[in-house]
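Shown below, as structure tokens, is a lone chain in the form predicted alone; questions about how it binds or moves come after it.
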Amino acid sequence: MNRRLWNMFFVLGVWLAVAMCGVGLVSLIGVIAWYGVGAINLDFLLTGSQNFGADGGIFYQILGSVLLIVGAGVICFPLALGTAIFKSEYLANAKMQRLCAVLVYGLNGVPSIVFGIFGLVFFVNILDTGISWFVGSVILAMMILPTVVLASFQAMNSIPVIFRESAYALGLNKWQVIVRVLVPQSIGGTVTGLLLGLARAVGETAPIMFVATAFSGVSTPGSLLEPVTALPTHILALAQQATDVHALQNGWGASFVLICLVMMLGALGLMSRLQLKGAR
């Protein structure tokens, strides 16, 4: 069999795999939308849940999810940017570069449940912080940190060398080059990685279930060390009441809202990426 025929089979296999993934994704979103749209109205979005979620709406769940990802973004952004700067500009040794890459990729491969158990043991049990949304934000920030670090590092490495050389030729020192040249030029890639990381974080259940959320009886937190209720854990609670028609309908509605949040963050990340490419 000649090379052209092999190439044809390979391309066909790739397109078949893409089509299967696309059909699976569209089918999943379609089913959630089909069953969830019927539950969506202003009362559902703007009122609190009652009867363990079987009645009422999901206002406080949306608020809790937004608080968690905003906190995670605020914590993660400077840490990821600083790590990327250190890896790109200060870590000159090749072995240390490889070690840093292994650590970042290794952290990215840790299962989300492990982050949740770590938060439970270290923050809740050892530091005695209790269940709080701030601890949940810290855990989510740790979980998405590798994604943002890698995005920021790749953005810095894609800056043409002439930018650095021109800055040094003008008399700028290393720190001035970083602040005035590298960070402004790479900030778009960092923001893109952050948005994609938050799109993943907003749908996570295991990392926050042990350290940040309560299943009922929670409204607006009054401090950093109070729990919240979030969409993923709310959906989990409603799934356990599948025999209740109202609870099941509310579960589909909450799932649809969560999917919309994930898609919105993913779309913002994609738009940021496209704008970054267009600017270059």
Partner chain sequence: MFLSAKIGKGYVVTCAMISAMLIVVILCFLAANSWQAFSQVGLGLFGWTWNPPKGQFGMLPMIYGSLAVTVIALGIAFPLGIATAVFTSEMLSATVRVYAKSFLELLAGIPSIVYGLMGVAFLSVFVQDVFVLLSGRTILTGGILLSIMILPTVITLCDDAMHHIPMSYREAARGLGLYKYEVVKDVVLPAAKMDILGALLLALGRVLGETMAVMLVIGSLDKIPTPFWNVLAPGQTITSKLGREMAEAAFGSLHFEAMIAMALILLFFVLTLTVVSLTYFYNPEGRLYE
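Small disclaimer: the values here were computed from a predicted structure and weren't measured. Residue numbers count along the first chain shown, from 1. Think of the rigid core as the biggest set of C-alphas that the two forms share within 1.5 Å after superposition.
Keep in mind the form predicted in complex with the partner chain is missing from the figure; the text below concerns it.
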Original post:
Does any heavy atom of Thr47 come within 4.5 Å of a heavy atom of the partner chain in the model of the complex?
Top reply: no
Original post:
Is there a heavy atom of Val135 lying 4.5 Å or less from a heavy atom of the partner chain in the model of the complex?
Top reply: no
**OP:** Please check if Ala239 has a heavy atom lying within 4.5 Å of any heavy atom of the partner chain in the model of the complex.
**Re:** yes
**OP:** Verify the contact flag for Asn173: yes if a non-hydrogen atom of it lies within 4.5 Å of a non-hydrogen atom of the partner chain in the model of the complex, no if not.
**Re:** yes
**OP:** Would you confirm whether the three residues Thr83, Leu145 and Gly251 all fall within 4.5 Å of the partner chain in the model of the complex, going by non-hydrogen atoms?
**Re:** yes
Original post:
In sequence order, which positions of 246-269 have a non-hydrogen atom within 4.5 Å of the partner chain in the model of the complex?
Top reply: Leu248, Gly251, Trp252, Ser255, Leu258, Ile259, Val262, Met263
**OP:** Using a rigid core alignment, state whether the CA of Gln50 is displaced by 2 Å or more between this form and the one not shown.
**Re:** no
Original post:
By the 2 angstroms cut-off, has the C-alpha of Gly22 moved between this form and the one not shown once the rigid core is superposed?
Top reply: yes
